[in-house]
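Before any questions on binding or motion, here is one chain by itself as structure tokens, the form predicted on its own.
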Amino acid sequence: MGSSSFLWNFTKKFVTFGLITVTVSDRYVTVVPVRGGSMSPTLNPKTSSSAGNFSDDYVLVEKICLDKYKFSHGDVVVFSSPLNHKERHIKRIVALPGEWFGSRQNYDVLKVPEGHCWIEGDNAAASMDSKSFGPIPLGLIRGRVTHVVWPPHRMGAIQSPPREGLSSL
């Protein structure tokens, strides 16, 4: 009788812990890996295909910002790709809804539509971003990257570049 009571208590605690973990991960905060070099040097400064996952940064993503879509210039965000909703990308917000934006590629001036933002990777040469698929709907954003949590020597908050370092007008 004692072992079934122990098993039942263990199962209840395990299920409770699992439900709390899923809720926190879905609604408040999660940790995601950064793949590729499109955000280098901010994230994955030494991208190496031979090192694989051991050199990838892991970042803390807060999701409370999604409540009212509170974003700022320079925020690094995780979003679903407009071309394939199963893919997630990490890029920096360069222009917010309703702002005019100067493109460095072809010197066009564009207005970001309401409900959208313009995102770019820090490493323009290796980044698939708004230059490839235009402004992205705010509804595709899955959270704001706040800290690097792995590897240990890179732990710390994500820094936003100065406003003049961004492309918006």
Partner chain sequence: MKVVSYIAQWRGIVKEAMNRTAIAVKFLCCLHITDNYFCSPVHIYGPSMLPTLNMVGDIVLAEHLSQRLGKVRHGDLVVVRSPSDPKKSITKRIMGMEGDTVTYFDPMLGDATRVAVVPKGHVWIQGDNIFASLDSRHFGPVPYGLIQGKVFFRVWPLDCIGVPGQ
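Numbering follows the first chain given and starts at 1. Since this is a predicted model, take the numbers as computed values, not measurements.
Absent from the display: the form predicted in complex with the partner chain. The rest refers to it.
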Notebook entry, point to check: Would the partner chain in the predicted bound form be within 4.5 angstroms of a non-hydrogen atom of every residue among 29, 98 and 149?
Noted result: no
Next item on the list: Only one of 45, 115, 102, 134 comes within 4.5 Å of the partner chain in the predicted bound form by heavy atoms, so just point that one out.
Entry: 115
Check: Looking at 138, 60, 110, 128, which has any heavy atom no more than 4.5 Å from the partner chain in the predicted bound form?
Finding: 138
Next item on the list: Decide whether residue 157 counts as a contact residue for the partner chain in the predicted bound form under a heavy atom distance cut-off of 4.5 Å.
Entry: no
Notebook entry, point to check: Any chance residue 142 has a heavy atom within 4.5 Å of the partner chain in the predicted bound form?
Noted result: yes
Note to self: in the predicted bound form, is there a heavy atom of the partner chain that lies within 4.5 Å of any heavy atom of residue 74, even though the partner is absent here?
What the structure shows: no
Checklist line | Contact label in the predicted bound form: residue 9 to the partner chain, heavy atom within 4.5 Å | finding: no
